[in-house]
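Form predicted on its own, single chain, as structure tokens, below.
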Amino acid sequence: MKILTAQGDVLEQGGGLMLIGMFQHENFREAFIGRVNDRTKDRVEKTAKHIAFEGKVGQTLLIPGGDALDVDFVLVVGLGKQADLHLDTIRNATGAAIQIARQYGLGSVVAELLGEDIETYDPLLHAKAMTEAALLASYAFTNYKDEKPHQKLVSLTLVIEDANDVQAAKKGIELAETIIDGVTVARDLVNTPGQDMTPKRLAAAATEIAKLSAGAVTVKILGRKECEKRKMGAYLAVAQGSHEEPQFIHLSYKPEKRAKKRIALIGKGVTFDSGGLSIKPSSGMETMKCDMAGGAAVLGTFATLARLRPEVEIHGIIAATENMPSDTAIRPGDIVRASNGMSIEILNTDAEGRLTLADALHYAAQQKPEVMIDLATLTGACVVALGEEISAAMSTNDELRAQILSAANRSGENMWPMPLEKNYAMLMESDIADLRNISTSRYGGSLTAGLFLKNFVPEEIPWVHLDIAGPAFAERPIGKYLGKGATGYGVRTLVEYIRGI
């Protein structure tokens, strides 16, 4: 889909659908919408009264363009109170326009979502948000379809009056296109079935990202023997149940100038999770191709770095494997030893992600980062606590957690802080090993999983753990611009955080 800019008056533009925003309780005759209302002989105002449209967030009003405007339809989207305007309101408004344009088989959308005289108008940020939503809403995973669905909608044109604002908007569009390219990489990886998205395929994706970066990104892949030499007993214990070879992926990006900071991004990379011998019910396995969504988010982020060129050294770590039941699989009651020397009693083989992350976190810490961030579809308990659209952020550093939450808020990725309650650490104690891999309590499962991971992060390194089990894979549409399937969750937040360093 092409995102374009045009300087001038949106009312003089032609196209399939015209998108206009309206703030709550705006006067139809005094606000920008009044010009559209005049052109349509009060049709906007009359229709609004008929359906009780007041400009509240999420409200929409659709009317035919008629002879007065050179468009097939006009869509007015409620933006809520001007003082409360959020970038995600702009994204959802744009997503609504894309949905309707596709529904009616229209080829183009022209938009002036906000009047340029409002105090909060920012052409770069607003163009970025609209571009993100349009591209995310236009995504379709069709790799396994013989007949590709025809996408008639080909363009979104952002109409801007001021020439200086046009240049700023173009920068916002370019930035958004780069970020969403990374999100699309992650979505494609997660949507690919486990039969094809094996650890080696994930490693190949990392190699391809490095190849396309023209030297900005390098990659190192460790096989089973190399991992054995590094004594990654927790990770390899999960991998031993599958005939697919484990692939430990280490991506590196170093800026041309002196790095402002060195960070490590660690993503859970279980390419399919059957639960192992503690096998999941069949319904619980249906979407388990998404269990490498954390790793996919890391790869998607690295796919943006060659174009963004942040002044930050970044290491991306993914311990890729399958978790399968077989005669070689780990058993409940087995004891394994992680690369930091800690012994772990395995009581449930379906709590495998934390085992792979244990060795990945320890390896990441050896790169001497100043910040560590991990992303993992780790616990169903997190989905119970926060639902399908919100991830949990647990951290050893309040400042770092605040920075990540702020980046998530700007990006439109819902995230909520949760504690690493030290009193719960005793729930992970084992009688015969240093740790057990599940809690002795049925409650607070996402918190105890975070506390388990904390054992593998040095105290001196600020660390945040993001449990993305809910929003990583949508079993229903989320908002107006994210459809069913993989969402690429985490890429936008990570890029926003990195850009802010």
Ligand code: BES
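Given the structure is predicted, the values throughout are model-derived calculations rather than measurements. Sequential numbering from 1, following the sequence displayed.
Just so you know, the form predicted together with the ligand exists too; it's not on screen, but the next bit is about it.
Looking at the ligand in the model of the complex, residues D291, A351 and A469 each place a heavy atom within 4.5 Å of it.
A heavy atom within 4.5 Å of the ligand in the model of the complex is found for exactly one of A234, L378, L158, V74: L378. When the ligand is considered in the model of the complex, only one residue from K280, K170, R262, R230 comes within 4.5 Å through any heavy atom, namely K280.
Shown alone here, D359 lies farther than 4.5 Å from the ligand in the model of the complex, counting heavy atoms only. Although the partner is absent here, I438 is a contact residue: one of its heavy atoms lies within 4.5 angstroms of the ligand in the model of the complex.
Heavy atoms of E132 never reach within 4.5 Å of the ligand in the model of the complex, leaving it off the interface. Heavy atoms of R187 never reach within 4.5 Å of the ligand in the model of the complex, leaving it off the interface. Screening 337 to 345, 99 to 107, 135 to 143, 378 to 386 for residues having heavy atoms within 4.5 Å of the ligand in the model of the complex returns a single hit, 378 to 386. If you take 254 to 280 and check each residue for a heavy atom within 4.5 Å of the ligand in the model of the complex, you get K268, D273, K280, in sequence order.
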